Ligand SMILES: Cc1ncc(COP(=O)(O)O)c(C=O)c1O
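Take a look at this one chain, the form predicted alone, written out in structure tokens.
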């Protein structure tokens, strides 16, 4: 290959573009769930490593051939399995350009345009979420690393209040630090605690009420019991099963009065703050100290697009920043590496910037409201079918369904087994894709809607698919 050839990339980009266009054009005709087995994919992709390189066109054609059947059709209106959005057109195009531009968005001296797009997107996000103006932010891979970033700032702050410099001295010999959180928390919080060396034994799990929320008395009791420790309180903004929101207006002041830092897991639920219809769920959210969310969920950007927001920029920067003599630091620039755990990193801000501009305030609000309406319609429609029952109607965009066993004297295990079997059968139709979950000790089918393409016709098609599966199951028994 001649690196000076002006047409060096033309053929391979045209071929990749043709494959991409074909994938998008046929997305609604393809099965929503992957159809190839792990062993199928291993056999196809496990070519011997070539001694000599292959022509780029061959590599791309082979890749597309070998992954066939191994891709979930998440960029459609009928993927409800996890909290996965699709990809907006402008965000998709911006992400392609991000790869072509190949910028390392760690510092302004290295990638000035990438860093500025990120800075602007961050300011827009603070406005949309109604957060304090001084709030700092970091673009990371997902809510997992957003938790790590927010809790690192929290660790710095609460230990500093105890006279301990954790960045200099580490955790060996540090004052005890406890994390008070909900029984409905996401597992990514536990992983963040482990990654930060805080130890899962220091997670104090507090029971929620029937509404999935922490009660003030419950939190107050834990704050009092652990009042001599450095404290972090983690609250929910939309739990993964029923979309419950904690009472920030009540709980955050209680935590602050006890000297605790308050972190909010808003992986998808934080976006409710952008909707006048659902904004009341986030009352008092701005009082917290840090927040985590994703763009690749409800904003429908490509992966990876996690966002950490921290109300105390000094604590945030102290937990993350680093300087060396070879770095060229722009005096008037916001340096992304001062706020996130990555050093070499993708320019995540371009796709986020493009998505926010494509939708605007009204478009984001409409997307939130429509997804919530579609989730309710799905749960209501499936729940009305013979052989199905509603376990929890959506309060936002997450709902739960059950498929009880009709066997005489059926046990809880029978009901759970039938629910899992029905979910598997639905996904096997290729008409829709749902996930399973255990909620309050029973297996359920979780309905999660956050894709920008989901419309009433998609909901109706999914309900018909579930109806056929239930009819076939009845005939088989």
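All of these numbers come straight from a predicted model, not from anything done at the bench. Numbering follows the first chain given and starts at 1.
There is also a form predicted in complex with this ligand; it is not shown, and the following applies to it.
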| item | value |
| --- | --- |
| Proximity to this ligand in the model of the complex (heavy atom, within 4.5 Å), stretch among 339-347, 144-152, 245-253, 373-381 | 144-152 |
| Contacting member of 268, 129, 353, 137, with respect to this ligand in the model of the complex [4.5 Å, heavy atom] | 268 |
| Contacting member of 272, 260, 240, 219, with respect to this ligand in the model of the complex [4.5 Å, heavy atom] | 240 |
| 4.5 Å heavy atom contact, residue 186 and this ligand in the model of the complex | yes |
| Contact label in the model of the complex: residue 87 to this ligand, heavy atom within 4.5 Å | no |
| 4.5 angstroms heavy atom contact with this ligand in the model of the complex for residue 236 | yes |
| Contact of residue 83 with this ligand in the model of the complex (heavy atom, 4.5 Å) | yes |
